[in-house]
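Structure 1 and structure 2, given next as structure tokens, are two forms of the same protein chain, each shown alone.
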Structure 1
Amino acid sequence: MLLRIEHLSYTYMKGTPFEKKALDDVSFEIDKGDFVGIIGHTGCGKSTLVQHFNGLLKPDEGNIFLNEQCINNSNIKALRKSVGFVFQYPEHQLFESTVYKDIAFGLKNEKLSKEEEQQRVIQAANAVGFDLSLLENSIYDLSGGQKRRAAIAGVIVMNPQILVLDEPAAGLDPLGRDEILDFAVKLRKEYGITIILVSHSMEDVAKYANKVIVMNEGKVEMIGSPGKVFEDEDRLRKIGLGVPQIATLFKKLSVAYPQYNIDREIFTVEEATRFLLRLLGGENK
């Protein structure tokens, strides 16, 4: 077990008239290599939850275990090497004079040789598909998408075990969103990094995650595979969430055309395409 959360609770502005309980007795486990999607309406506790994973917040109650070691009072610098965090609009975190220096910033205390540092920076840049010819450019010369890749590379360069992506595709067009999330898949597949994605997009979570955690009013409302979670459409709608649009379409098609045995557990465009190609192939025989 890579990450284990036990009875985690957290309250903002405790002891004041503005006190708000953001997390209430939250427990779950994440295995190494998981791609976890955390979903929920605004204010449900998603971002508060993930900010505990690398010490940005400390729990009022409960424990967090990384590799079976409690991290509640861990060395923050060491913890953040293991758990990388990418915020919304990560390009706003860029501040060094060149792209190379910005990506390498986290390595300053690693006591690496110049060659080792360069190797780590190039590896991180390659991992997010960044053009190496731009490493010596000013960050102000980059496009918005290039800035976002450079910022993510600055987190990847620390070789984290876990990468937390808090709405990483905010403000991007569909192509840019797919590029960022495809990089996350690559990091999981090629580097063994466990991905935790906070998102409002049911489609993105259905497409990329193997485990879904649904938050509601500071509690874990549901947890399971995308198929298990999204099949309970009524429960999701009661807490203000929907299901991927393609799932709704295929449920309606399965009722309208029962003779085709249409799969009701289709949640992504890719799954729909594969099913339709099989159906058409079978009818052409």
Structure 2
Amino acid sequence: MLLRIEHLSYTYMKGTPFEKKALDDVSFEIDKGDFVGIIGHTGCGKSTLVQHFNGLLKPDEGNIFLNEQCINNSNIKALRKSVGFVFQYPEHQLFESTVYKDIAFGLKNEKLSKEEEQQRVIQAANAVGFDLSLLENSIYDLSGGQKRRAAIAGVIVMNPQILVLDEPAAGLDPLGRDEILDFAVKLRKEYGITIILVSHSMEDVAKYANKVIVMNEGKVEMIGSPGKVFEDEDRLRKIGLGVPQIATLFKKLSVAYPQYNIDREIFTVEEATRFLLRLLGGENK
């Protein structure tokens, strides 16, 4: 067990009129190598939850174990090497004068030679599809999507054990989104890095995650494989979510054509193509 959350609760601004219980008795486990998708409507507590994983927030109640060690009181610095964290607004994460310096920032303590540092920075920049010719630019001169790529590069350059991505694809074009998420898949495959993805894109979660945690009003509403979670479209809609477009299509088809045994656990374009080609007997080029 890599990460275990036990009865975690957290309240903002306790004792003020703005008191807000953002997490309420949350428990779950994450295995090494999992690709976890966390979904839930705006304000349901996703960012609050993941900020407990890197020590930015400390539990009011409950415990968090990383590698069976309680990290309730560990600070961000101690966790920085194990938990890489990309914030929802990564602009807040950028503060050096140039993009290069920003990506290299976390490497300062690693005592690398100039060449090694350069190599790591370029590798990270390439991984997120950041245009290398912009490395010496000021971060203020970047477009929104370019800033986001730079921020993500600055985190993955550290080779963390767990990579937490809080809506990393917001503001990225489709290519950039695929690049980042495919890269996460690669990190997971090649280095066994565990990925925790907070996302509003049901498509991305369906495509990439092996485990989905659905949050609602500070509580865990559902937890399971994408197949299990996205089957219950009505329940998801009720709590502000949806299902991938393909899932809606297949649900409609399965209702209209019960005779074809249409698979209701299909929610990616690739699976849908394969299924329909088999059914319709295409040329299968």
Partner chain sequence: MSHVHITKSLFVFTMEDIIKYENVSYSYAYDFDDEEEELNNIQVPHVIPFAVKNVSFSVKQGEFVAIIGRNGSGKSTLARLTDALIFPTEGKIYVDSMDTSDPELTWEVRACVGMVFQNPDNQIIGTTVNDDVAFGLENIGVPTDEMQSRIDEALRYVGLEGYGDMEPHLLSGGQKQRAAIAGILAMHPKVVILDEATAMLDPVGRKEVMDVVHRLNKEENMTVLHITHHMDEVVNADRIILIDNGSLVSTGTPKKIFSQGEMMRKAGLEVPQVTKLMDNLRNNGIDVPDDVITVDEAVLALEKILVK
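Everything quoted here is computed from the prediction, not taken from an experiment. Numbering for residues begins at 1 and runs along the sequence of structure 1. In this text, the rigid core denotes the largest set of C-alpha atoms whose superposition between the two forms falls within 1.5 Å.
Q: Report the structure number, 1 or 2, for the form predicted on its own.
A: It is the first structure that is the form predicted on its own.
Q: State yes or no: after fitting on the rigid core, is the Cα displacement of L187 between structures 1 and 2 at least 2 Å?
A: No: L187 shifts by under 2 Å between structures 1 and 2.
Q: Is A256 among the residues whose Cα moves by 2 Å or more between structures 1 and 2 after superposition of the rigid core?
A: Result for A256: yes, a 2 Å-plus shift.
Q: Is it true that F130 shifts between structures 1 and 2 by 2 Å or more at the Cα, once the core is aligned?
A: Moves: yes, 2 Å or greater.
Q: What's the distance in angstrom the Cα of F105 travels between structures 1 and 2, core superposed?
A: C-alpha shift for F105: 2.5 Å.
Q: In Å, how large is the CA movement of D141 between structures 1 and 2 relative to the superposed rigid core?
A: Here D141 registers a C-alpha shift of 8.1 Å.
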